[in-house]
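Only one chain is shown below, in structure tokens, and it's the form predicted alone.
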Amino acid sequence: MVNTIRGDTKVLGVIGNPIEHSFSPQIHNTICKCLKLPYTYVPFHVMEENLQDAIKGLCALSVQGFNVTIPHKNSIMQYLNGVSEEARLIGAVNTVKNVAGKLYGYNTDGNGFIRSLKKYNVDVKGKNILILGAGGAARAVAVKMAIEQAKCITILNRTVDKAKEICEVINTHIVDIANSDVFSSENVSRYGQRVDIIVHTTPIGMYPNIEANPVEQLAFLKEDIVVCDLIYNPPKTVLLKETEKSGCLSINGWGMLIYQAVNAFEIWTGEKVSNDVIYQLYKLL
């Protein structure tokens, strides 16, 4: 879905490797069409060794803004003129805005996650959070939740040193509320009994391995716990199916993907994306 290309059409895009799987073109071109704006959004396949040249090319061609996905979210930071404080704490950029030839980086993942929760009237302020996994998504979510005044954040990961790194960033630069431990069934049950929100951030259960469940024992669940799985393919993972049986509010990752894109679009264009447009984006899944 691409708007009619005219002489005044502005270009947006996404860089990554691989890039064929990206949902971003569908999301952003739907926004462009709904808002009737002269933008088009295209994917750019950029190899790691060509990153610097690609950035120079995008800037020279006056591309107004672009998203950044794997594997460039960290390495791109060295080529930018400025980076937001939140992106610096997360250690990754997923959105770049071109301002008169100067490039500025942002990270909209955490904001996207928080906005996806608010759709369900879930507020993280004062809440106890359990995060499963310690990759890039976990770091973005954890940092943003700390900024949004979560009460306590516990991060479990099989390689606990990665979880400790995220906790150190939060405790040193934001507020001293984060702790870490090993990702095991026993620890999920132990910590899970005392939390308000559980966020699963690993690929376990994602297509094509849709029968996998990252948490084997869920007897500890209470119906007032919110369970989030950042996976959106399949729309309902085994984890979410099982947590729903306990009466928990279960939220997949589609909303986070939508709202991080919406935030990026608003950064690039200054245009507000309405709830009516966001409703159309939810129908894309």
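Fair warning: this is a prediction, and the values are worked out from it, not measured in the lab. In case it trips you up, residue 1 is the first one in the sequence shown, and so on.
Although not depicted, the form predicted together with a small molecule is the subject of the following passage.
In the predicted complex, the small molecule stays beyond 4.5 Å of every heavy atom belonging to Asn98. Heavy atoms of Leu230 reach within 4.5 Å of the small molecule in the predicted complex, making it an interface residue. In the predicted complex, Tyr191 stays away from the small molecule, with no heavy atom inside 4.5 Å. Residue contact with the small molecule in the predicted complex: Met256 places a heavy atom within 4.5 Å of it. The partner is absent here, but in the predicted complex a heavy atom of Pro203, alone among Gly82, Pro203, Pro71, Gly91, sits within 4.5 Å of the small molecule. This chain appears without its partner; in the predicted complex, the one residue of Lys119, Arg158, Lys164, Lys127 with a heavy atom within 4.5 Å of the small molecule is Arg158.
Listed stretches are 172 to 180, 136 to 144, 119 to 127, 191 to 199; the contact stretch with the small molecule in the predicted complex is 136 to 144, by a heavy atom cutoff of 4.5 Å.
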